[in-house]
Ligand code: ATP
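In structure tokens, the next block holds one chain alone, the form predicted alone.
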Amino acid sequence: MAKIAVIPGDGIANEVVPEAVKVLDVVNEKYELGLEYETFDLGSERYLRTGEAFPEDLDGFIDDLPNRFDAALFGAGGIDHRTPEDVSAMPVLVGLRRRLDLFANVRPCRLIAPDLTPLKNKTAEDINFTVIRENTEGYEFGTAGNYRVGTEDEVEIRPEYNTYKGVKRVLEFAFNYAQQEGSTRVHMAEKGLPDGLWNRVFAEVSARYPNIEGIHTHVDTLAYMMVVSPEELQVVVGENRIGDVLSDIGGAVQGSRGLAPTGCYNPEKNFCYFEPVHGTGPDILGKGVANPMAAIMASKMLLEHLAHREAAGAIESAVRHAISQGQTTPDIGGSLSTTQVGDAIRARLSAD
């Protein structure tokens, strides 16, 4: 039996995460998984209902999650036009990553339907790589600041902090991931000093994996490769900002960020969390057209983490079937609503 914390968060996450949970309900019953969930109303929806976005001790709540749950399914944190600018579930997102030290953000990029990619003459065999983003350092370290605000001399400083420990462990994670997946290449994307920390530590770590080719690549070249020759890529690893940008390019080449899930890990901890990568979607909030497939595929990753591989495979198969039948939201060419797509996927799961 596994316990899952469900935290939808802001914006369209409150539309897509419930569809993912209903998919989990189907496989939970069908495969007798014994899953238990508890849903936490944190962020914009809670604010609209109560005037407060979080409980008083949010840090304590986050710190206690690994003691109470095996994993979490998170939705999104960010802009939600229904609430003030400073009200969002971002503190939950930052807490999940940094307070729990889930330093490796793993974003698979898999083309699951050939006609979805905007790339010419590329197949599912060509678009099949994973971006691993360092999740706790870099530009999100929290020391940005502005000076002389409102004048022509305004200065914004946004330093990026990377530590030897942080760089080394995410690079080791990437090579271990490649080893487990049977991959033979790891590209490290960066744009730093020739003798900079990432470059030096990559050479150090790469030398310990003689059966895996470690390739240092500037981030602009790596972005170019993603849209011109994605078949050359297997595992890509980069610092926080670089990984953020590249993983969204990955979402684009697989057809839509509405298809892209992610998982956040620390191999020294049992607790992980999973989420769709698309964010809060303020432009489509309330329209009923948000694509639930990324959230549903995040639940598939969650089941893989819990070693329920048959059920996870069934979810992916049902998503593929829905796409093949045109049972999709408008972002990938369909005309169904968020709920109708979820219904179609659940119907396939029940029928198989």
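All values reported here derive from a predicted model rather than from experimental measurement. From 1 onward, residues are counted along the sequence shown.
Separately, the form predicted in complex with ligand ATP exists; it is not shown, and the next lines address it.
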*asked:* Contact with ligand ATP in the predicted bound form for P230, defined as at least one heavy atom pair within 4.5 Å: yes or no?
replied: no
*asked:* Can you tell me whether Q254 touches ligand ATP? I mean in the predicted bound form, with a 4.5 angstroms heavy atom cut-off.
replied: no
*asked:* Check P91 for me: does it contact ligand ATP in the predicted bound form (non-hydrogen atoms, 4.5 angstroms)?
replied: no
*Using 4.5 Å between non-hydrogen atoms, is I12 touching ligand ATP in the predicted bound form?*
yes
_Quick check on this chain: which one of E32, D64, D57, D283 has a heavy atom within 4.5 Å of ligand ATP in the predicted bound form?_
D283
*Select from the listed residues G263, G166, G138, G279 the one whose heavy atoms reach within 4.5 Å of ligand ATP in the predicted bound form.*
G279
*Report the stretch among 201-209, 271-279, 154-162, 183-191 that approaches ligand ATP in the predicted bound form to within 4.5 Å, counting heavy atoms only.*
271-279
_Sequence-ordered residues of 313-341 touching ligand ATP in the predicted bound form, heavy atom within 4.5 Å_ = D331
